[in-house]
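Encoded as structure tokens, the following chain is the form predicted on its own, with no partner shown.
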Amino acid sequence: MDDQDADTDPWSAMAHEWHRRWGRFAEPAWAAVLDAAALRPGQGVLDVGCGPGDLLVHLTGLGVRVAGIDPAPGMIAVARALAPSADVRAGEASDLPWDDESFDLAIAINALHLAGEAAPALTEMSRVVVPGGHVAIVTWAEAQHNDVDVIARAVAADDGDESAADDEQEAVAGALDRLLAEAGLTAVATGLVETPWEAADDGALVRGVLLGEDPETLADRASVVVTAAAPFRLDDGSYRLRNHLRYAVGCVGARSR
């Protein structure tokens, strides 16, 4: 990826840093979803919006057949390097380049809100999953469940964006249930999972929260981030933010022929 790609594709530009600072953040939610789907060695899993591939690496270690897709070339490059045995392709969630009934589980973690309308993506995810297999959605829980939102609101307020203080995810749990139902999926598990995020010091905190920002913005907003994060600072100078993800797992029914 050259500098021009980084300028036009911020997700590619931050791929390595995302892996380093947030790559395994959703691991507790991975466990909940894989348990609900009763995943077994030898089965196939598709990670939609795979990012730098941390879930792909985890799945490979479980002995399953692994594939991933992401629209950002930089994310694809990192994912292929980290999980060389995975079938990683560039593309969109609404147009998956795999045949019908190719997988036992398709999972999207914090990805469908970036893919435009979620309904077409869920239709595609269902298409590539075998009857009796599962489709899973994982996304940020409501703002009141996430310490990182306290910091995000402080940064937005410092920028004069008071609207960001509103809870825009007031009904996440209900929304996930509706998405599954609208896609013709039978819900088998839903839940709220604690997913803490840790930073070793002020610098790591600022770089993690403001991931993707330029050095000038990092320096300009550092004091705002550190001040807002004061309640989460530990005695050794590190930080631990308690956050939560919501998940919903649906079962794919039999298809008419």
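So that there is no doubt, residue numbering starts at 1 and follows the sequence shown. Bear in mind that the values here come from a model prediction, so they are computed numbers and not experimental data.
Quick note: we don't show the form predicted in complex with a small molecule, though the next part is all about it.
The partner is absent here; in the predicted complex, the one residue of Ala183, Ile109, Ala86, Val129 having a heavy atom within 4.5 Å of the small molecule is Ile109. Checked against the small molecule in the predicted complex, the candidates Leu59, Val33, Cys50, Val209 yield a single residue with a heavy atom inside 4.5 Å, and that residue is Cys50. Residues placing heavy atoms within 4.5 Å of the small molecule in the predicted complex fall in a single listed stretch, namely 90-98, out of 147-155, 77-85, 90-98, 175-183. Of the heavy atoms in Ala72, some are within 4.5 Å of the small molecule in the predicted complex.
Not displayed here, the small molecule is kept clear of Asp161 by more than 4.5 Å at the level of heavy atoms in the predicted complex. Of the heavy atoms in Tyr239, none are within 4.5 Å of the small molecule in the predicted complex. Taking the partner from the other structure, the small molecule in the predicted complex has no heavy atom within 4.5 Å of any heavy atom of Tyr247.
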